[in-house]
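Here you get one chain, nothing else, as structure tokens; it is the form predicted alone.
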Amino acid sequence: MECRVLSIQSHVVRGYVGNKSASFPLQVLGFEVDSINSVQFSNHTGYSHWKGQVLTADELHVLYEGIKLNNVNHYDYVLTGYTRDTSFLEMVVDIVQELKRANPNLVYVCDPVLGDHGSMYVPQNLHPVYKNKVVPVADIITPNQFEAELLTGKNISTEKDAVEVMDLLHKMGPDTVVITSSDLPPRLGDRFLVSFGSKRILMPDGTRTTQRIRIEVPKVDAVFVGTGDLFAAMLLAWTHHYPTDLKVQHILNQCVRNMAGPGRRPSPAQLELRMVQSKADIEDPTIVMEATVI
């Protein structure tokens, strides 16, 4: 059966971020992807120069109305990422709510992009919109530690704190919460990154139970752009197809193999995700990381 995703994210002509990072792996894994580009840039903003256009909330509404007038606004998933405009974000919420009325089983996967490592890289006025309007309609959210702390108002300094923050996020709406990265010390050593996941499950008797995991992910010694967009897309895909498997590591390793060379600082172009070269890894991942139930 066809499974269709509406992905509202950024777009770049060169490279892989936003929709460019999410659409290809979703299509490779069998999803139909309808993309609305929140921005259209020449390249991501990590380069020395970039040019392009930003889609307004009114323009987003016009595009959605065109889809609706043709009666093709039927989706199984909505996927959203980075935006800098409150009115655009509020329009996204309106669209999600309308699509959920048409299909109560629709799943909204939201990466609540606010910032990282103690700093916001979107305007401050997006924070209350995410907290009060976006997260309550989301089914799956993928904040990093900083974003999870912002949304809940609680700091994470221990595993217990992480569990409590995920529980608070559940109470706000989403049934699945993934804290994609944290500053907590890994048990496997400094070359690993600690992430957490939590899922509320409805039992046959009507009660709810919560499953929580901790996973330590091997670090790749480079800084990439577009990995959060890729992660959210892969989370959507693998929780749909195979809930126990999730993979982005091979794609990053492809990037490392194509970097400048030992001892050299790679350019932004050399650190672009190698998506096409990783097609086989997306379809049939081989790296397995053990999750610990907490």
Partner chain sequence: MDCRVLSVQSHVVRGYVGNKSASFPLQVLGFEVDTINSVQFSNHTGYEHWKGQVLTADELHVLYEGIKLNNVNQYDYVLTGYTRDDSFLDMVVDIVQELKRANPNLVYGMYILKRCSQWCVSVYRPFYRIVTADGTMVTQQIRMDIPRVDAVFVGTGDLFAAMLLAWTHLHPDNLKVNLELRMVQSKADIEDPAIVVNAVVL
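Residue numbers count along the first chain shown, from 1. Just so it is clear, the structure is predicted and the values come from calculations on it, not from any experiment.
Form predicted in complex with the partner chain: not shown, discussed below.
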| query | finding |
| --- | --- |
| Contact stretch among 120-128, 93-101, 180-188, 69-77 - heavy atom within 4.5 Å of the partner chain in the predicted complex | 69-77 |
| Glu283, heavy atom within 4.5 angstroms of the partner chain in the predicted complex | yes |
| Residue contact check: Gln40 to the partner chain in the predicted complex, 4.5 Å heavy atom | yes |
| In the predicted complex, Leu55 touching the partner chain (heavy atom, 4.5 Å) | yes |
| 4.5 angstroms heavy atom contact with the partner chain in the predicted complex for Tyr47 | yes |
| Joint contact, Lys20, Val28 and Val276 to the partner chain in the predicted complex, by non-hydrogen atom at 4.5 Å | yes |
| Within 21-38, the residues that have a heavy atom no more than 4.5 Å from the partner chain in the predicted complex | Phe24, Gln27, Val28, Glu32, Val33, Asp34, Ser35, Ile36, Asn37 |
